[in-house]
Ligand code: C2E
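Next up is one chain by itself, shown in C-alpha cells, the form predicted on its own.
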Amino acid sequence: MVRTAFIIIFALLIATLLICGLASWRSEKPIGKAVCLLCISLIPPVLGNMIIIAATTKAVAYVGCYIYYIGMDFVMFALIRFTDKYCRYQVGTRRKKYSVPIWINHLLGLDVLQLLLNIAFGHAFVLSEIEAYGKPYFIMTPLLGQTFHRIICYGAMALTIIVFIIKSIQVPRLYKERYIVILISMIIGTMWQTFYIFSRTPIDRSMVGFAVFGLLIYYFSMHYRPLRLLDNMLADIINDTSVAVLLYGPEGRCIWANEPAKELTGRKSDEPEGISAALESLFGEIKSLPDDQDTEITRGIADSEKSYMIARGGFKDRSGKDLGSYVRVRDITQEKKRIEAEMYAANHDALTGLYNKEYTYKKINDQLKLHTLDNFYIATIHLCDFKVFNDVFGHEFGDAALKQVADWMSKYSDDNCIYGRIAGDRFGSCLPKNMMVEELLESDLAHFTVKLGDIEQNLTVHLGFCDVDEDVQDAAVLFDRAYIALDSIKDDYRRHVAFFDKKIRDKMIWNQEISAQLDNAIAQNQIIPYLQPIADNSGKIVGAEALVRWIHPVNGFMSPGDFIPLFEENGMIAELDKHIWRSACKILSSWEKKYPGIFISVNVSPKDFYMTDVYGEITSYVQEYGINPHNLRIEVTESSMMRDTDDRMKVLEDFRNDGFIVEMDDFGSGYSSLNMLKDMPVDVLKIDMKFLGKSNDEQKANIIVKNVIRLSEDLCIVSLAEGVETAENFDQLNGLGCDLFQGYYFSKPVPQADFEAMLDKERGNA
C-alpha cells in the first residue's frame, strides 16, 4: 500500500514538472528555457525511483537505478545552467558576478560515462534483494563508482548553494526573498537526500523534496512578484512625482499622504489625517467632488494665484467591494500659462499683437451671430504701395509702419470692435456703425505719417467699408467686398474712404454673369472679330487689325471696355484671344484667292504668355487653315515685354523665323522703349498718337514723332501710326515719312462683310 502511494505521488509530481516545463518553454522571459530544462531534468530521477519501487525483478530495478543516477547528473547540469542564468547579473547592473565553474559540467559527463560502464564492469553499484512492506525490494549497495558519482553531484550542489548564498548576501534586502527560498529548498533537498543515503531506507523519499524544489524554481522564476518590493517602489514613485496624493480607507479616513501633499499643505508631520484636514482647508470639501472626474480650482496661495487640477477616485476589488479612495492634486499653473501663451501665439500676429486672420474671421463670425446685423460695418485697411515703401525705407521702417497702423486701429476701437491683421499690408475690423465718422477718418488719414527715430514719412492708407446684411454673414466674403470697394479709389491719393455700394455690387454681378457666358458666346459666334482697315501712304487698304466685339442676345452690341478689362483680370482673356486668333486665320483662308496679300493683325495680351502657349496655339491655327504666316501679324504691347523678357523675346523670334510679322503696339507709351528696341525682334512699330494730340508745344510733339519715324527707318522697321482721325493727321504723318496708317479717318472697326465691301469698292469689284 505504501509503495503504491509513492508510485502515485511520484507520477503526479512527474506530470506537474512536465506541465511546468512546457509552460516555461512557451514563456517570453529570458529565464524560461533554463527553468524548462531544470523541470524536465528532475523527471528522470523521480521516474527511476518510481521504477525501482514498482520493480519485481532485479533487471527492472537496474533500469530504474541507471535512470535515477544518470538523471541526477542531468539535474546537476540543468541546475548549474539555471544558476548561471538566474544569478549572472547583479540587480540594476549588467556586470557579471559569481557562477559555477564550467569544468563541473565535464565531470558530470565523465560520471555519466562511468555509470554506464557499470553494466560491463560492475564497479559502481550492485543490487541486493530485501523485503519491504511485504514485498521484495531491490536495494543498492554502493561501490567505488557510486562514491565518485556522489562526490560529483554533491560538489556541484555545494557550488550552486555557495553561489546562491553569495547572491543572497549581495542583493538589496527587497530582493533577498526569492534567493533565500530557493537556497533553503536546495539545502533541504540535499539534507533529505543525505538522510536517505545513510539511513538506507527502502524508498528514496527525498525525490519528493527534489520535485518540490523544481516547482519552487518554476514559481519564483516565472510568476513570483515581490509585493513588498512593489509596494516600496510604488511609494517611491508617488513620492518622486510633483502630484500630491492622499489615500483613504473604505471608512473615509486618510491613511497615507506623499511628500508633495505635505509640501502643498505645509505640514511637516507624517500624520495623514492632519494633512487631509489641511488640504480641505485649502480646497474645501474634497470628499464631495465627483468620482473619476478632474476638477479645476484656482486659489490664492503664497501671495500668488495658482490653479490646481483635483481628481478623486475609488479602488475596488474583483468582486466590486470598496477598498478605499484617493485624491490627486496637481499644480497646473505653469501648464495653464504655457497653454495660454500658445493660444495667444496661435491667435495673434507676432509683429503687431493684433488678432491674426483666422482668429479675426472667427471672432467676427461669432459676433455676427449674436448681434443685429445692420448695426455693423466690415472695414478693410490697405497700405498703398507698401511693397515699394518697404523696399525704399527698409523692413525695419516697414515693420514700424505696420505697428503704428495697428496702434491707430486700437485708438479708434473699443470693446465692441474686433480687429486684426489679415494679410501682409492689410488689416480688418468689424465695428458698430455709430463709430464710423467718414469726415474724421478722411482728416486723420490725410496726413498719416510713420516715424522711426529721426525718420518721418507719409503713408497712404485706404479704408474700404461694407455693410453687413442678411444675405452674407461670412467674414471672408464681407472682407472681399470691402476690399473691392477700394478699387474705386486705388489711384486717388486724396480720398481715403470707400464704400461697397449698389454700383459696385451690380458690377460684381455683371462680371460674374459675363464670365459665365463666355464659353457659350464663343460657341454661338456671339463674339466675332471686327476689322479696322490699315492703309499705306497712298491711302490704299493693305490690311486690318482684328478687334473683338460681342453681339449679346440680350445686351446687344457690347463695347470691349465692358468685358476686356474683366477678362484681363480673371485670366479668361486667353480663351477670348484664342477665339479671335482662330477666326482671323479662318478669314485669311477665305481671302487666299480673293484678296491675296491682305494681312490681319491679331493682339496678344500680356496674360496670354502666362495662360497659354502663344506660339503653339497660333502656329496650329495657321497649319489648320493652311494660310501664309506672312499674312497673320502678331501684335504685342510694349508692357507685355517688361517681364520675363528673355523668354518672350525668344517666342517673338520663333514667330519671325516662321515668316510671321511682329508688331509692337503703343510704342512710346512706356519708359523703356528705346532701351528695349535694340534687342526686340519686331518688324512694325505702332506709334502712340498722343504725341499729336493737344499739346502745349506742338513743335516738340512733331519733332518726337518725326524722330521716331526716322529711327524706325534707320532700323529697317516699318512705322504704323494709329489713331489717325483727320486728313490733316494723315497728311502730316505722311509728310514725316510714316509707312502705314490706321484710324477713324479710314474707317472704324467693321464686320467682315463691310470690310470686304470696302476692299471690293477700292478694287472696283463692286
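Residue indices: 1-based, along the sequence shown. Quick caveat: nothing in here was measured; it's all calculated off a predicted structure.
If you look for the form predicted together with the named molecule, you will not find it shown, but the lines that follow are about it.
Undergrad: Could you work out which of 155, 71, 145, 560 is the residue within 4.5 angstroms of the named molecule in the predicted complex, going by heavy atoms?
TA: None of the other options qualify; the answer is 560.
Undergrad: Quick one: of 573, 641, 431, 405, which gets a non-hydrogen atom within 4.5 angstroms of the named molecule in the predicted complex?
TA: The residue in contact is 573.
Undergrad: In the predicted complex, which of 423 to 431, 455 to 463, 197 to 205, 546 to 554 comes within 4.5 Å of the named molecule (heavy atoms)?
TA: Every other range fails; the passing one is 546 to 554.
Undergrad: Counting only non-hydrogen atoms and a 4.5 angstroms cut-off, does residue 111 reach the named molecule in the predicted complex?
TA: Looking in the predicted complex, residue contacts with the named molecule do not include residue 111, since no heavy atom lies within 4.5 Å.
Undergrad: If we define contact as a non-hydrogen atom of the residue within 4.5 angstroms of the partner, is residue 21 a contact of the named molecule in the predicted complex?
TA: Judged by the heavy-atom cut-off of 4.5 Å, residue 21 is well away from the named molecule in the predicted complex.
Undergrad: Although the named molecule is absent from this view, report whether residue 724 comes within 4.5 Å of it in the predicted complex, heavy atoms only.
TA: Contact with the named molecule, yes.
Undergrad: Considering only heavy atoms, tell me if residue 666 and the named molecule come within 4.5 Å of each other in the predicted complex.
TA: Yes.
Undergrad: With the distance limit set at 4.5 angstroms and only heavy atoms considered, check whether 261, 280 and 313 all reach the named molecule in the predicted complex.
TA: Zero of three within 4.5 Å in the predicted complex.
Undergrad: Scan 612 to 643 and write down, in order along the chain, each residue with a heavy atom lying within 4.5 Å of the named molecule in the predicted complex.
TA: The one in contact is 635.
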